[in-house]
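Let's start with one chain on its own, the form predicted on its own, as C-alpha cells.
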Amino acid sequence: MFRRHNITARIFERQIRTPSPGTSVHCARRFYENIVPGSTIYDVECPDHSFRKFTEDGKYLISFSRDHQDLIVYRPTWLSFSCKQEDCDSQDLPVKAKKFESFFTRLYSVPLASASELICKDFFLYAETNQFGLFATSTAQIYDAPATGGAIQGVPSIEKITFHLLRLEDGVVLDERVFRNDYINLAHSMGVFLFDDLLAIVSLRYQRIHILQIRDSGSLVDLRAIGEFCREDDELFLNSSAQTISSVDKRAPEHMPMNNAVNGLHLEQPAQENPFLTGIKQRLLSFIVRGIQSEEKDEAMRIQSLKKKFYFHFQDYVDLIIWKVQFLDRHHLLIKFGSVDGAVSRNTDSHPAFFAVYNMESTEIIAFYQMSSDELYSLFEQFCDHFHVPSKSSLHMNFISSHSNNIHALEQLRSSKNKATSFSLFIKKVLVSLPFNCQSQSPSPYFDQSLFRFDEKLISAVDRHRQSTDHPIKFILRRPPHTLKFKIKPGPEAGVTDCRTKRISSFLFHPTLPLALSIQQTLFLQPAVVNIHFRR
C-alpha cells in the first residue's frame, strides 16, 4: 500500500486500518512527525522567575522566584488570537499574543522558604497519582562541621533541610519533614528517589536511607531507616544485650581493681567508639565473604583467596559509604557505595565505586558489583528500562528512548563501545550514571529517537544545563525522507554579540503538546532570555 506522510493521509489511514497488536501507541506517536513546534517567539516578555520543569502529566509548569523564597505554579494553555486577514498563517502574531501570559496562566504563588532558608531550585519530584509535588528548602552548608553523634568525618552539614509536600491543584502544604544538622544531596534530586508512593532519602552525613510513604491523605509516614540498623527490632535487641552486659559488670566482685583510679584520683576514660559496624555494612561484608568462599572448593585455595580478595581490602570495604540509592521495585534498592571524598566531590568519575542490590524485606544484599563489572554492564545494556522504573500510572513515561527499547540508541552505544580504547574505562563511563536521578528525563515525543534525530551534545531528554550555541538545534526525521522538521534556537534571534560571556541553556519540553521553552542565561545574574517554541 502506497503511503504518504502528511497528516491528512495519516488520519485517513488511521480510519481504515487497525494497527498491529501492541503498536497502537507507537502508531499514534508518529503524528508528532507532522505536529512539531516549528514557530518561535524570541525573547518573550515573561516574569523574572527560575523555570524548573513541566510535570510529567503536563498539567503544571513549576517555577521559583529569583530570591528562592516563593513557588510559582502555572497552567499551560494554548495560544488563541483573532485574525482578520485571509491568509493568517503568513501574518505575524499580534503583540498581545507574543506574551508569556498567552501560553501560561498563573495559578498561585506560595512562600516556601523561611528567612534563613532558600528553595533548592534543582529539586522537584512529582507524584502523578495524587498530583502532589515535593519541594526542598535548606540553609547554607557548613563545610568544616565536626563529626558528632555518629556523623561521617569529612561530610558537610546543613543546619536545616525541609521537605514540603504540596497539593499542586491549589498549592496547599500538606506535610513537611525536617532534617537537622544533616547532609542530603538535593542537586538534581540526587539524594532522593520517588517510586509510586515510596520515597527514599539518603542521609550522607549519618549514612541512613530513610524510607517514607506518601499517603493519599498527603501525609509523610516513616516506614523504616536502613543503615545503622536493618530490621525494626535491631536497636531493641542491641540495647537489651547492652543492658544485660551492664548488669553482669555491676555484679562483678568488689575487690576487682579499678583501672581508672590512681592514687585516689579518678581519671575519665576516653569515650570509646561503637565497636560494631553498621547493619548495612555487616550485610555487605558477609555477602562479599560468602561470594569469595563459594568460588573455591579447595580449603587451602579458599583461604588464599580470602586473604587476597577480602582481608587485604578489608579496610577499604569498611570505609565505604552510601552515595546514592534508587528503587528497582517496591522491595529492592540499588545502592551505590564509594569513598567519602567521592561523595562530596563534584566529579565522581575518578573515584572508585561499587553497586549493591539490597532486599528491604529480607535485609540481605543479593548482588554486589564493581564499577567495571562486565556482568552489570550486560544487564544495563539489555534491561536499561528497569533502572528507570517509571510510575505505573504514567503511560507516556514508558516511551523514553533507551538502548534497551530503541535500536538507534543501541547503535549509538555500540558505536561508542567500538571506538573506546579501553573496554574497562568504557564500562566505568557508562555505569557512572547509575543509580539514575529520579524523574531526570523528559517524556516529550520529540526526544523519541525512533521519530527524530538530533545532536545529543546540544540537547537531549536528560534534565541538564548545557553550554549554549548560536546555531539552531536541528530535529530531523528518522524515517525517509529524512527531512528537517523544525529547529530550536536558544537566546536572541540575532544571536549574541559578546562571545566572551559564557552562556548556558536549558530546555523545557511539554510531555504531550508541541510546546517548549528554551532558557538562555549567563553566570552574572542577568535576566534570562526565554524563547517559546510552539506549533502555530
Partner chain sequence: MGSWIVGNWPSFDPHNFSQLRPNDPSAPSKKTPITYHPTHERTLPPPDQVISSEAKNILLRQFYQRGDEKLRPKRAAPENLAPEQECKHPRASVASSSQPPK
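Numbering follows the first chain given and starts at 1. Owing to the predicted nature of the structure, the values given are computational and were not obtained by experimental measurement.
The form predicted together with its partner chain exists for this protein as well; it is not shown, and the discussion that follows is about that form.
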Interface check vs its partner chain in the predicted bound form: of Phe124, Tyr369, Tyr74, Phe426, the one with a heavy atom inside 4.5 Å is Tyr369
In the predicted bound form, the residue from Ser305, Ser378, Ser345, Gln91 with a non-hydrogen atom within 4.5 Å of its partner chain is Ser378
If we define contact as a non-hydrogen atom of the residue within 4.5 angstroms of the partner, is Arg290 a contact of its partner chain in the predicted bound form? yes
(message) Is Phe399 near its partner chain? Define near as a heavy atom within 4.5 Å, in the predicted bound form.
(response) no
**OP:** Although its partner chain is absent from this view, report whether Ser294 comes within 4.5 Å of it in the predicted bound form, heavy atoms only.
**Re:** yes
Looking in the predicted bound form, any heavy atom of Leu458 within 4.5 Å of its partner chain? no
For its partner chain in the predicted bound form, the stretch among 159-167, 93-101, 228-236, 369-377 with residues bearing a heavy atom within 4.5 Å is 369-377
